[in-house]
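Only one chain is given next, in structure tokens, and it is the form predicted alone.
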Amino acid sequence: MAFDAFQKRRERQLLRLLLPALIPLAVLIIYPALYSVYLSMTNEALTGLAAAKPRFVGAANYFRLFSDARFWNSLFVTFVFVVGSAIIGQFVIGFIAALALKRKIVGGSVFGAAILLPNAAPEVVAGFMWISMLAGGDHATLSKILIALGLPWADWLQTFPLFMVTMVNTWRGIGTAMILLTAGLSAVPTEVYEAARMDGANPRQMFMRITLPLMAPTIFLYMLISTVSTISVFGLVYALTRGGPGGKTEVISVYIYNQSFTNFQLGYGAAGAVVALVVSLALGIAYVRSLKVEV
């Protein structure tokens, strides 16, 4: 009985310690999410009669959303964008950078600083910086470099819009991937590598049978964070292309913005936001259940 009383008192103390963190969490995240669910079931708008007298419409916005080809296109574009930039681009290059830093290459500090530098620039600033590189046809910086080298140029954001947006987001996220994966590599005991080397294991075998299995929790954590954060990327894509041309770069966040603040349909845009939230939660649960890794 005394032990149970002690446990309950300890739990109350922990709850009091967590309360300061729970209050902003509830105010800034939980309440807006619940309000978005309510808003998605209304015809709330920024103009017209719905702005003055919004009414409850139930699931009408969701029926409309799921019959909208533009919405399904935004989900497909988001899928390609997430796989290309977060899961493939950032992870692969970040892992290579982490391995290079672990080997203590010449100029490693400069190399690491160069990879981390993109994180210092906000999304919109990075977007406008890359516009000068990619937009403007033969006046773009990248085109001028290719012309000087005698190579063909292109109107990059018009000819290869999704690839360019994916590339820029990969550039911005390599630093985060490198930091997390470097921490995971540092946590692998050196004694394990020494024992494997004494048993005659080559570098490939040590990487496949020691490094990757022992780094599974770190890789899982990175994949979860990068996937969810990439789904919510807005400023970079909007600054670069505003979802164009022809919806080829209209990721789900840009679609929600366009419906809410370009077409002035807040309720309909909120329905898209709720679907994006559900997709993010589903992906998080899928990562946990499929990988079965404790974090």
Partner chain sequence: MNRLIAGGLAAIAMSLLAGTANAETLRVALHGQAGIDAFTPTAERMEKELGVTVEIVEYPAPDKDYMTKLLTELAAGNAPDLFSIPGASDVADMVAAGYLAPVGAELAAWPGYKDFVDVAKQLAVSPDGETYVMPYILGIQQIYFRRDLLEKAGISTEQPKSWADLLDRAKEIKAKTGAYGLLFPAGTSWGGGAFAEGFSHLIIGSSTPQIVTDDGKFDLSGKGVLDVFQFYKDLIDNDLMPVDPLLGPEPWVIPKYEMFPKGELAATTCGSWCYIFDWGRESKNPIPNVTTVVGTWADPGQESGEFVLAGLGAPWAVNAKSANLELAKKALLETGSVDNQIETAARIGNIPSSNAVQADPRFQALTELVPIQAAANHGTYLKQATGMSAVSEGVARATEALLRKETAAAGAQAILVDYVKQTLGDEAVK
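Numbering follows the first chain given and starts at 1. As the structure is a computational prediction, the values presented were derived from the model and not from experiment.
Note that the form predicted in complex with the partner chain isn't included here; everything after this is about it.
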- Query: Ok, 230, 259, 40, 253: which has a heavy atom sitting within 4.5 Å of the partner chain in the predicted bound form?
  - Reply: 259
- Just give me the single entry in 33, 59, 27, 52 that has a non-hydrogen atom within 4.5 angstroms of the partner chain in the predicted bound form. 52
- Item | Full three-residue contact with the partner chain in the predicted bound form, heavy atom 4.5 Å, for 78, 101 and 182 | no
- Stretch in contact in the predicted bound form with the partner chain, which is absent here, among 83-91, 184-192, 220-228, 67-75 (heavy atoms within 4.5 Å): 67-75
- Taking the shortest heavy atom distance, is residue 236 within 4.5 Å of the partner chain in the predicted bound form? no
- Query: Quick one: does residue 240 come within 4.5 Å of the partner chain in the predicted bound form, counting heavy atoms only?
  - Reply: yes
- Would you please decide whether residue 119 lies within 4.5 angstroms of the partner chain in the predicted bound form, comparing each non-hydrogen atom pair? no
- Task: Could you confirm whether residue 158 comes within 4.5 Å of the partner chain in the predicted bound form, counting heavy atoms only?
- Result: yes
- Query: Even though the chain is shown alone, can you say which residues of 226-248 have a heavy atom within 4.5 Å of the partner chain in the predicted bound form?
  - Reply: 238, 240, 241, 242, 244, 245, 246, 247, 248
